[in-house]
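In C-alpha cells, one chain follows: the form predicted alone.
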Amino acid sequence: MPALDPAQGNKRTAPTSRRPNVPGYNPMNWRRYWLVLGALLLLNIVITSIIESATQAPSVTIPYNVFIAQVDAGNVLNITATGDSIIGTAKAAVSAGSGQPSAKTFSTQRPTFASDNLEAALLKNKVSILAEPPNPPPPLWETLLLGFGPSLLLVFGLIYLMRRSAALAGGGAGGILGRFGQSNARLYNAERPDTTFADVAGIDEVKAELVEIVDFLKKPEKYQRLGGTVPKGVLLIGAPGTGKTLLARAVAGEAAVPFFSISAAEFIEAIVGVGAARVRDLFQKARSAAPAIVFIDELDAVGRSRSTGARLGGNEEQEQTLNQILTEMDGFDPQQGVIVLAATNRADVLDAALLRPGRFDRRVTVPFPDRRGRLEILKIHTRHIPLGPDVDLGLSASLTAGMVGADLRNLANEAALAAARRDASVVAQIDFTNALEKVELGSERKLSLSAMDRERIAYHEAGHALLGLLQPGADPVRRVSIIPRGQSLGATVQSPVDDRFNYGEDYLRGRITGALGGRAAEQLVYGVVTTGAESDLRQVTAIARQMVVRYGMSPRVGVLSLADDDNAGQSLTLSRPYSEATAAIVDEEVRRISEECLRQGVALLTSNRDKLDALVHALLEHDTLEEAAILAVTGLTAPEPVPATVS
C-alpha cells in the first residue's frame, strides 16, 4: 500500500562520460594497433602494385587490323592468347598509328565477328603461339601474402595485447579477459570540481549532515587526535530526483579529493565472479588515491537482502558482489581516508549486513523540498535564464508542491523553451505556468471537440473547482482549464498556501469530495456519468483505503494499522496481514466513505447550481480561468486554510 503522497494532495488534475581512468587500461593501445594494422595492409597493396608494374615491360594497345598487318609483315615473334585477348611481342616497335607511342610489347582484342584464318597466318609467319586459361590462378606469393598476412597480423596483435593486459593487470584472470575484472568507475577531477554545496539547495539539513565528512577529508588530524573516526559509509536515502547523486558530487567538490562514481548495476556481469573482481579493483584504486570518495549509485541493485526469495536469476553473482562489498568495507583502515557514499530509493530491501555499524554507519534521508527549498532550487536553475519583471518564483514554488530538484530543473528549462518558441527576449510568468501544465499534464492537443463534449468537460472541471471553493480548509483553486493536454481533456489545479506534513480526517474527506466533483456535476446536470472520472476514482480509492487500513479512520475497523510495510517488495505474492472477514469490512468502509463524500458533493453543487452554471459559461468562453477570474465569476472568496493537526 503506497503512502499518501503530499504532492497528490496539493495538486489535482482532471481525469481526462567520460572514459574510465583505470590503471592498466589504455585505449591508445587499441587505437595504435588498428592504425598499424591498417598501415600494413595499405603498404601491402601498394608494394604488390609496384611489383606487378615493375615486372611488366612497357606495352601499347593496337587495333586488330594493325595486328593482322604486323603478322603478315613478319614483325610478330610470339603471342599469348587468353580468350579473345591477345598479348604479343614484335621484332620492331609497333604503334596504334602515326604520332602514337610505340613498344615491342603490344596487346589487342580479336573481334567476335572476325572470320579471318588467324591460325594459318600465324603458322605461315612462324609466330610462336601460347594459350592461357581465361582466369589463371594468382601466383603463390600473392596468395600467401594476401591470404595469410592479415590473419597473422590479427593473431600476433591479439597475443601482444593479451600479454600486455596480463602484465598491467598483474597477471590476474589472464590476458584480455582480465579486463572484465576492472571496474568502470568514473574518476572526476578533484582540481576542478564542477559541483559544490553552492549548487545544492532546498535540503540544508542534509548538507549539514555531510559537512562533517568534508571536514574530515580536509583535516583528518582534527578527529584522529581525539581518537574519533568518521563513518566508513554514508547511505543517502530518498526518492528519485531528490539530489542524492548531486549531494555526493558536492561532497567531493568541497573536499577536493578524487571521486570515484559507479552504478551498482555495473558490477554485475554474465560471468560469475566478475562483480567481486570489479569491487576489489574499485576499492584498490580508491586506496591508492586516498583520501578519496567512492560513490555507489542505486545500491539496491546488488545490496538486496539475501534472506528473501524475491530475487530471480543471477543470485550467486549478486551475492558474491555483495559479500565483496561487505568485506572491503570491513577491511577499511580509518586512517586511510576512504569514505563510501551510496544512494538508494529502496532502503527497505537492503541487506541488514550493509546497514550495521562499521559499514554504512550513517543513514541520511534526502526529503522532498518544502516551499522555501523549492524556491531556492528554482533560483539556482534560473541563474542563467533572463527573467521578466512579472516572474514570481515564490508563486511557482507554491504551485510545485511535491516536485523534487530534477522536476524543478526540468520546469525551468521548459519555461525557457516556451519563451524561445514565442521569440521573447525574457522568460515571463506565463511561460512558467504553461511549462508547469506541460510537465504535469503533457503538451496541448488540438482536438476537434463537439459543443456537447466541450460543455460536459466544462461541467466536469467546474465541479472540481467549485467544490474546492465551497469546502472549508480545501487547497486554493489556482487554475481551471478545458484545454486538452496529454491524456486529459481538462484540468483543475489546486495547491496549498503552505506545505502540509500532517493531514486531518476532514481534510482527507475534503480531498475525496473534491476529486468526485466532476462525477457529481455530471450526475447533477445530465443524470448520466461518463468515463471522464477514471483517474479521479483511482485517487479516491487510494485515499479512502489508506484512511481505513493505514490511519485508523474507520469506526468499524478501529484504531488499527493493517498496512504491511515491513514486507513490502520482499515477496512475489501479495499477502494481507488480516483475515478475509476483515478484508470484507475494509472494502465496505472504503465504499461507505467514498459514497458519503459523493453525496456531499452533489448536495453542495445542487445548492450552488447558479455558480456552477456561471463558471461553465465562463470556461466555454475563455477555455482557461485563473484564480482571480474564478472568484470573480462565482462571487465566492477563497476558503480560509485550516491549520494542519499536530500529533
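Computed from a predicted structure; not experimentally measured. From 1 onward, residues are counted along the sequence shown.
Only in words, not in the display: the form predicted in complex with a small molecule, which the text now covers.
Novice: Out of 477-485, 413-421, 89-97, 245-253, where are the residues with a heavy atom within 4.5 Å of the small molecule in the predicted complex?
Specialist: One stretch meets the cut-off, namely 245-253.
Novice: Can you work out whether the small molecule is within 4.5 angstroms of a heavy atom in all three of P220, R287 and P291 in the predicted complex?
Specialist: Judged in the predicted complex, none of P220, R287 and P291 sits within 4.5 Å of the small molecule.
Novice: Just checking whether I203 would be counted as a contact of the small molecule in the predicted complex - the rule being heavy atoms within 4.5 angstroms.
Specialist: Output for I203 is yes: heavy atoms within 4.5 Å of the small molecule.
Novice: Using 4.5 Å between non-hydrogen atoms, is D199 touching the small molecule in the predicted complex?
Specialist: Because a heavy atom of D199 falls inside 4.5 Å of the small molecule in the predicted complex, the answer is yes.
Novice: Is G552 near the small molecule? Define near as a heavy atom within 4.5 Å, in the predicted complex.
Specialist: Contact check for G552: no, nothing within 4.5 Å of the small molecule in the predicted complex.
Novice: Does P496 reach the small molecule in the predicted complex if we count a contact as any heavy atom within 4.5 Å?
Specialist: The answer is no: P496 has no heavy atom within 4.5 Å of the small molecule.
Novice: Though the small molecule is not shown, can you say which of A406, I159, L152, A73 has a heavy atom within 4.5 Å of it in the predicted complex?
Specialist: Selected option: A406.
Novice: To verify the annotation, which of these, A265, L146, A239, L123, has a non-hydrogen atom within 4.5 Å of the small molecule in the predicted complex?
Specialist: By the 4.5 Å heavy-atom cutoff, the listed residue in contact is A239.
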